[in-house]
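Okay, so we've got a single protein chain in two different forms coming up as structure tokens, structure 1 first and structure 2 after it.
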Structure 1
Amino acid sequence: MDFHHALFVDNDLCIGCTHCMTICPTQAIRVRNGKAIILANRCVDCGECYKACPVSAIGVEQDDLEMIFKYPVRVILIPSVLIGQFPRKIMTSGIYNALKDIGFTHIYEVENTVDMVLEAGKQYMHEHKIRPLISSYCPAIVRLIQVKYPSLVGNIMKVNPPIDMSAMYYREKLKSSGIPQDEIGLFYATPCAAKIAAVKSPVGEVESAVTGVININFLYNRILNYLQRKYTETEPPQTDDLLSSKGILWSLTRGELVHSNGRALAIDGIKNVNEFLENIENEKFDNIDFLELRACDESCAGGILISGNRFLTVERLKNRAAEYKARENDKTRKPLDGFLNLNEHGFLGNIEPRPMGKLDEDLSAALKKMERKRRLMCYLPGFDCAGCGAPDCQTLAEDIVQGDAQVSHCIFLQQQMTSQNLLSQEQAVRITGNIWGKERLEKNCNKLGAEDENN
């Protein structure tokens, strides 16, 4: 199955500025004809390009809210960070009422099933000796490992994350009350693009238990509008069966780590994760039992579709968890296995490596391409200026040996070729125009910083 991607480029808005290309952690973006293009085999939907784009030309695909009305029973699966975006004075019941006003018949927080995820994790660690084990919680990290660190795929802990566990659990719960399966629609309010991609083309599963995905930012604004019109304080909702203080904190940095045994580290931010995985792959770090890796700063509180300030969201969730903690005891714990069998539903299937750096399926051909790439690097300047429409010289060299670029795309080699009559001025201008767009080579005083910028 090909990777489904939630991120896309709006060519009408894109100005080909390279901000997205230079920040992408997997070198998945090129500029051609003055527009950014995303390479499907490299993109992990981390959303760094979405955050970096100065003109909002990177969009996030999402399901239309109208699709929920195909189902008589419409469940919205919400992460705790949705609640955490609202001021403490807004009671959770007000947010639940708003979601029902939007059209959902049932609300279920995905962290309800965290105790099941924990139990599956303990079992997995006991049965597998490979270390460090890497959490499968963040789908952008799972894909990052697949494409950039394929030798570490075996380290991914194949445990179903709370979103899938809760979708399966709640569907079975509704079915047990007599509701036919085909009348149940389960929709996830996602804080990021990677979870949209994970639902549309799941890794380690044949099919997602989630029916559709709704942008959390869209829901946040609809809820805010409802609260401004109709909010009245009521008692907390009684719809959550299993939610605990540990579940409320699960999606935040260190949410998983505090429950692990042995030496464990929590790392957030895709750049930090990239650096750490490189060291793990090169065996520079050892004696680590568990890694909690999250693509966003402050984990899901920093998701690209989160409207609220991530630090305030973390503070509010910690306060909410403390309130739950104060009233938790062994007597309040409810049975976890009422609707799911952990051995049957708790674990992911096989996760395949998908190395982006593979130059050829044939080993002999791949070695020849590698030799040519290294030879090309003798001539490319190593400035990583991105003037060729690729993020750096090594990526350009790789594109050349794969037949996706030419040596003359390098603006420095282009000058040498022109001076040696290997390339005409007209050819050089045409090549540059093909990369950056012909209009970019024309005078334009309306661009940012130019004398007529504001006209």
Structure 2
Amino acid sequence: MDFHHALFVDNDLCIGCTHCMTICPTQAIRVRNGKAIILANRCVDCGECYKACPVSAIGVEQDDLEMIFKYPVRVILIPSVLIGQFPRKIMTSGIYNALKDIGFTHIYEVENTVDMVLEAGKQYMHEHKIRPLISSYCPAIVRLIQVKYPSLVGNIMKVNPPIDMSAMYYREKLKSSGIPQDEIGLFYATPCAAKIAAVKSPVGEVESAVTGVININFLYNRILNYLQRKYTETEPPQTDDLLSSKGILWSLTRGELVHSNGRALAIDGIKNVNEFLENIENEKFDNIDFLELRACDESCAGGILISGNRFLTVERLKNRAAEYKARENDKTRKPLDGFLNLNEHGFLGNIEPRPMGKLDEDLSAALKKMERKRRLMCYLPGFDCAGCGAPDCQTLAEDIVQGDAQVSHCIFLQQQMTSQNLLSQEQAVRITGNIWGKERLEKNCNKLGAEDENN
């Protein structure tokens, strides 16, 4: 089965450097013909490559804004970090008005349904004895566990995250007001690539309730343009004002953790998460009940499509939460209408492990390949220069035993082979050209730091 990915390489921009390849937490990138390629079965859409690329050659797909106009009712589902990234002087109502001006007829903040998510989480924790339970909130983490920690797939708390819960809720709400199902388009303003992948190829669901995705950085610019053009603060916000202070903080680090019972930890940043899961898998740490794991530093405030500074975004959301908290009490805060049923809508279906890096389905064949890989490692230099077009020597060795690369791709072994007449100079030049692109061997003064770097 093919997995949908929201990240892609723009070959016109890619300069075939190694920044994305060496930072990728799942070794999902190789360089061929001078361009980065992303391996679909390994990529988890975390966006580390996007952040690392010096020339913005990693793209994030999104649906065309024109698509929304196919629907008479156009809902924009916004996460609280959309608001959080703007400076404080920009009022929430201004942002809502801008979204209406862009073409949306309804605005719904996705964290409105966190009470249901919490309820489902409590029920799940009660019914499942396995510990630690790992939050299903961050789709990059769910995918990371599927490919890299398959034995922990059973630890994922199969609770629908707020985005799906809110999409289902709002659709039902609109339907109940008499709007036909096919006239409703629900669009999610996404702060990251992983959430796009989650909408386009959902894990544990048949189909997402979300119609399409619009990237937050695109909306950010449109909103600022609108506000500069004509906006004067007049109208109050026009949204279902149900958002709670816990909803506002939900997508930030510790946003879920503060509501969990038992011993819980919150970890953000995919490198930190990787290190921690490695230990969890070995059962090195026990007696942990719940793990809130987020791929981005500062969680969704650090999403790759968030234009504002992530620390300031956290600050604004904390302030916003404090304001809401002050006027929140049980009497004024309306509970959600009963459009959703917890058992029917609250939980995810089965999540399949899809382990990466297996050498062969057959154990004997895999053992042979493993032995060959270990033998190859005796000869590879072992300092992970990435000169072969793979991120490190071990990955090259694995690619070689899988038939996806050759020993001569290693620039050190290649030199030895030419000096021993096992490889001609012409062959060596051709191999290097196949990896790094033929023009790589020619003079080019446009590259960063060279004479004409910006030409």
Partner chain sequence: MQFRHKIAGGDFGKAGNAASSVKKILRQLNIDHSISKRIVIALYEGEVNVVAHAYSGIIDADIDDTKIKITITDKGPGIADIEQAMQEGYSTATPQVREMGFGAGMGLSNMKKNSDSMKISSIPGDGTTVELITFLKSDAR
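So that the term is clear: the rigid core is the largest set of C-alpha atoms that superpose within 1.5 Å between two forms. The model shown is predicted, which means the values in this text are computed figures rather than measured ones. Start at 1 and count along the sequence of structure 1; that gives the residue numbers used here.
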Index of the chain form predicted alone, chosen from the pair: 1
Core-aligned C-alpha movement of Thr418 between structure 1 and structure 2, 2 Å or more: yes
Per-residue C-alpha deviation between structure 1 and structure 2 [Asn446; rigid core superposition; Å]: 4.1
